[in-house]
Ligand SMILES: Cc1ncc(COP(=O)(O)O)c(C=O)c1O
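So this first bit is one chain, no partners, the form predicted on its own, shown in structure tokens.
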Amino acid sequence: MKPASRLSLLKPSPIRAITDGTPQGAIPLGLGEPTWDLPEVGRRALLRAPGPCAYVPHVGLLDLRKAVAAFHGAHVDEVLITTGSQGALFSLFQAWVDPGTKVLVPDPGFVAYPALALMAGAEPVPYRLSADRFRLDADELIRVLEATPDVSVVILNLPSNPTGGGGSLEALKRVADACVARGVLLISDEVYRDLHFGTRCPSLRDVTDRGVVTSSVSKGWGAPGLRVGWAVGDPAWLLPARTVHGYAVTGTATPAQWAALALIEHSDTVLAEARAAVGARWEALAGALREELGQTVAPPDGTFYHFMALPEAAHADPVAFCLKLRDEAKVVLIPGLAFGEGGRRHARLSFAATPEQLREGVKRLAPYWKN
């Protein structure tokens, strides 16, 4: 027996390839997962979920859909609850991406986007982010869109994993208008939007109601293990995705939805506390980089990622360099090349780790930059 032929196009996640071999005692600056406690309101909701633990509608608990709709300024019919934002993206790709079409993905960008396109039988086509801190470059994206036939989906990630770069309202509006004119589904992955430094990144919903926004409680609400996400957009876009998601998982876990509802109902407090936690970790990282490497760095537009420039000697084989850091320095970073050719000269450092881990991690990294 052989696996399905479509799997021949897929490779294991390069992030997991690095992190799965982490030696004992290594500083984990690779995975993007919060190290602060799940907020108390979420923990309490998990314990007091009412009544039987029953199935829920494929579309999600009504109260949770109402809360998500209110958060995004949408109508409840525009909300589909999914198993994480990954469940939303998978369902949308399977519903709207025809085999043989093209999907425009950011470069550098989240590793799942090209894989989702390949699983749908499509070809991922990269568009570069700006040279100025890896932000959305409307001119570049529109140039690639106009030069590429048979585009079915364009995906944005604001702010970006792995770069932390955002985008202007004007750039977002131009991209949205171009996709509407071409009849292309525009998906905006905004899972990091509420972990911002200063001005919050604009949302796709600020410029159009013709695309779909995806998000989850994994990052801003600090609850990746709940696996609760959502898609927000025109019900016509969501209906076929709902069918896919229903056959894939039936529905998102009921207790997790109750906990997500509690977190979203307390968003003002929960998100402010999360930004404070991320801000403290950024200060620890920035201070360590200044002290150990003499680097003065600006915070990202959002996320908890620092896209760290690699030493010039590492540019030829950044994966080997990051493996050396993992095994010798015992610090886990993700090579930027894992996110596309545009990330070759960088590595993603997750400062979701504790302040103590960040200071010790940079101390261990410093000799490899200095030498």
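Keep in mind the model is a prediction, meaning the values are calculated, not measured. Just count from 1 along the sequence shown to find any residue number.
Below, we refer to the form predicted in complex with the named molecule, which is not included among the displayed structures.
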Inset, instruction - Answer yes or no: in the predicted bound form, does the named molecule come within 4.5 Å of a heavy atom in every one of 135, 163 and 203? - result: no
Inset, instruction - Evaluate residue 175 for contact with the named molecule in the predicted bound form, applying a 4.5 angstroms cut-off between non-hydrogen atoms, and reply yes or no. - result: no
Legend entry - 4.5 Å heavy atom contact, residue 157 and the named molecule in the predicted bound form: yes
Inset, instruction - Report whether the minimum heavy atom distance between residue 127 and the named molecule in the predicted bound form is within 4.5 Å. - result: no
Legend entry - the named molecule contact at residue 90 in the predicted bound form, heavy atom, 4.5 Å: no
Legend entry - Residue (of 191, 80, 153, 260) lying close to the named molecule in the predicted bound form, criterion heavy atoms within 4.5 Å: 191
Legend entry - The single option of 86, 254, 267, 148 touching the named molecule in the predicted bound form, heavy atom within 4.5 Å: 86
Inset, instruction - Tell me, please, which stretch of 96-104, 293-301, 166-174, 211-219 lies within 4.5 angstroms of the named molecule in the predicted bound form when heavy atoms are compared? - result: 211-219
Inset, instruction - Could you list the residues in 111-136 that come within 4.5 Å of the named molecule in the predicted bound form, counting only heavy atoms and keeping sequence order? - result: 113
